[in-house]
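Only one chain is shown below, in structure tokens, and it's the form predicted on its own.
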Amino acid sequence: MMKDPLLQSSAAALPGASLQKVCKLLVLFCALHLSVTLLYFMFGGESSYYTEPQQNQIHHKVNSSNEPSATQEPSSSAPAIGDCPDPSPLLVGPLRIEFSISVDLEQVRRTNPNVMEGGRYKPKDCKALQKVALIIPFRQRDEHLKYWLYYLHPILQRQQLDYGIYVINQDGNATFNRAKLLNIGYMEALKEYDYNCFVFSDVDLIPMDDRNIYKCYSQPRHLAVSMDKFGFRLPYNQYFGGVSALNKEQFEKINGFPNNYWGWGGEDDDIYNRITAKGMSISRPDAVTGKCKMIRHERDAKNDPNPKRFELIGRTRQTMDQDGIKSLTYKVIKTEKFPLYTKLTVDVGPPPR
């Protein structure tokens, strides 16, 4: 029997149409499944999946920050800074020093905003080459101290020093003992900071050139080389008065300064003898760089010339190992932290009868 070709064609096409419909349904199902899966991970599944690892990670960071392990060094976010250049690029050279101007310490504080309480300062952009304690023997010289702070703070900052200023005030009205106050300043400054250089300065002397660096050198340094008081000349080769600098090793080597010079004069020559007796020499800036200006004043009460000074100077080598910081006795009565300096009022004890 002959089959209708039209019916035969329709019968052959029916399985193909069914297959195509099945494929479309399968594709639709897959697309729907994929969509549901994506929605699950986007809005629920991913958050739930990663919750526990994130919490563990945060917990680990907190422990690392607060309790670093013995084998792990705590990291610092602050970048390391290099050493300050030598010489400082901020120096200006010769300075005009006048004592006729009026000085207001509050204004000095405002014009030196980076000086911290107690007269502490360190450069922010580089690491200072030395940590310097400036020690001033003091009694009833407040007007002179104003000028010293007014001029020296800017100078010391341009010299890029890490420094602190200590005014050692002798309590009472007994005979003044400059060298013992300097020894006390050395001991007390070291209790606050690991200074490695000590500049001992009279309160009435101001450098006239900021290239005269208030720091320590390989030999003890005499900084007040040419004062206007002496016609800008060194009065004699052994002179070591006014302003001087010794590092910690040098100071300990000479047993510090003598404690037994009561009244004016002699202790500077004793210090010079101590330095030379220990095989060291004095270094100085040149006469131009080392110019200093002195505030004119009358001699202080209870600071008359020491009648025993020449006898004591002649015996330096015999007394220096016993008389100094090894035998130093004193009492700190009061410590005051002012914006521009630290003031320690001390009892140095009575002079010998």
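Residue numbers here begin at 1 and follow the sequence given. Not measured: the values here are computed from a predicted model.
This next part talks about the form predicted in complex with a small molecule, which is not shown.
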Answer key: of 272, 150, 99, 264, within 4.5 Å of the small molecule in the model of the complex (heavy atoms) is 264
Heavy atom within 4.5 Å of the small molecule in the model of the complex, from candidates 293, 302, 284, 309, belongs to 309
Report the stretch among 204-212, 234-242, 191-199, 120-128 that approaches the small molecule in the model of the complex to within 4.5 Å, counting heavy atoms only. 234-242
